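In structure tokens, one chain follows: the form predicted on its own.
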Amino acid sequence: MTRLLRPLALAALPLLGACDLLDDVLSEFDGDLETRSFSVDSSDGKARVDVEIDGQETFQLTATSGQLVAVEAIYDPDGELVLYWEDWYGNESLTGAVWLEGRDTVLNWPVRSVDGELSAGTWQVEVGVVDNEGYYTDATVDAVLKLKQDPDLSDGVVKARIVYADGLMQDEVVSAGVQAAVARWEEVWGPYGLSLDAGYESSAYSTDQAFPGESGEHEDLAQDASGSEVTVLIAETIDGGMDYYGIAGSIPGTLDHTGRALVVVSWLANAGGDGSFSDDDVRLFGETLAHEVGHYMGLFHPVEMTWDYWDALDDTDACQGQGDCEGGLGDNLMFPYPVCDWTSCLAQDQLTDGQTGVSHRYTGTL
């Protein structure tokens, strides 16, 4: 259900250090969510972002620059290395933050329970800035930190801003289908302590949408989101066709206002060629919404369709081959595609404890 990219590796690039804080930190508070904004520069192509922790449970870093950026390392307050990018370029996926996908990168930390808690003190995140020749010198990185102070990581609310593309909110078939699908989404999440707070908006954005981050409309759309909302754009088609049920901007997705700060979902692909919603279509649509926002909250497919890449969770089956994986994981919400026969599709509404933990550690789950 999501197009995933395997970007260029940093293996050939030397590891360098040193950085300087350019601007004073600007802090804002919205309930349990704190936002800090500042800039960091580096003369050698690496920027060190300091994250001061005092009782917060998780943080999210969105780092942007004029060149490609990716997280290279995380150090705890004792100076211990707790994440190194090269460890996650194998056949398990922990976070898309280590991938060179664009001029912004998003890290949510910690991801899993085994990554430990945030101890008080100064954490450091090293961000590499890269061009075609290696590290980009004289780089500036704009950093937006979101920090969550919410000790209950078993019960949380996600705010979803559901935006209809041009004219779709007024289409009774589409609007009824979306509302029924959102009800299914709530039903899927409920057993895992995840509640949905959904609001609806109309817009004049194109009914055929590009992939997240590939349209100027996306950054415009992001500017109107609040600090903890996940924007879901309901389009008719994606990339000119019905090949995609939905696509998340990144894994995890940002709570900042970037061009990839959204999920795009095609109502027509979920309804099928007849353009109407059967009960099975509504169920699929609701599971698509839950699946794509699951990506935005940091969840990967438990196995990719090549059957040789898996998520980094110990309690999702490390299956091999289509038959084995459909049998063991076909009912998992994050399975990479709907499992269907000639009459119906399998309900995909299961999450493991590990997947549930990732969802609750997402900084936007409050």
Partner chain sequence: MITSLLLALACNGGKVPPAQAGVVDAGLPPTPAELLAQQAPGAAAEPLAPTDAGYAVYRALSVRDPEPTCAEVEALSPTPVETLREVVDRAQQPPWAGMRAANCLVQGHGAEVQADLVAWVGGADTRGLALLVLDQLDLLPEDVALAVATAALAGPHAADASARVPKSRHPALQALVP
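Numbering follows the first chain given and starts at 1. As the structure is a computational prediction, the values presented were derived from the model and not from experiment.
The same protein has a further form, the form predicted together with the partner chain, not shown here; the description that follows concerns it.
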query: Partner-facing stretch of 117 to 125, 220 to 228, 138 to 146, 288 to 296, counted where any non-hydrogen atom is within 4.5 angstroms of the partner chain in the predicted bound form; finding: 288 to 296
query: Single option in 270, 108, 209, 258 placed near the partner chain in the predicted bound form, where near means a heavy atom within 4.5 Å; finding: 270
query: Option touching the partner chain, based on a heavy atom within 4.5 Å in the predicted bound form, out of 192, 244, 84, 200; finding: 244
query: Contact flag, residue 43 vs the partner chain in the predicted bound form, heavy atom cut 4.5 Å; finding: no
query: Contact of residue 265 with the partner chain in the predicted bound form (heavy atom, 4.5 Å); finding: no
query: Exercise: residue 253 in contact with the partner chain in the predicted bound form, heavy atom 4.5 Å; finding: no
query: is_contact(residue 150, the partner chain) in the predicted bound form, heavy atom dist at most 4.5 Å; finding: no
query: The partner chain in the predicted bound form: contacted by all of 35, 61 and 132, heavy atom 4.5 Å; finding: no
query: Stretch 95 to 120: residues contacting the partner chain in the predicted bound form, 4.5 Å heavy atom cut-off; finding: 99, 100, 101
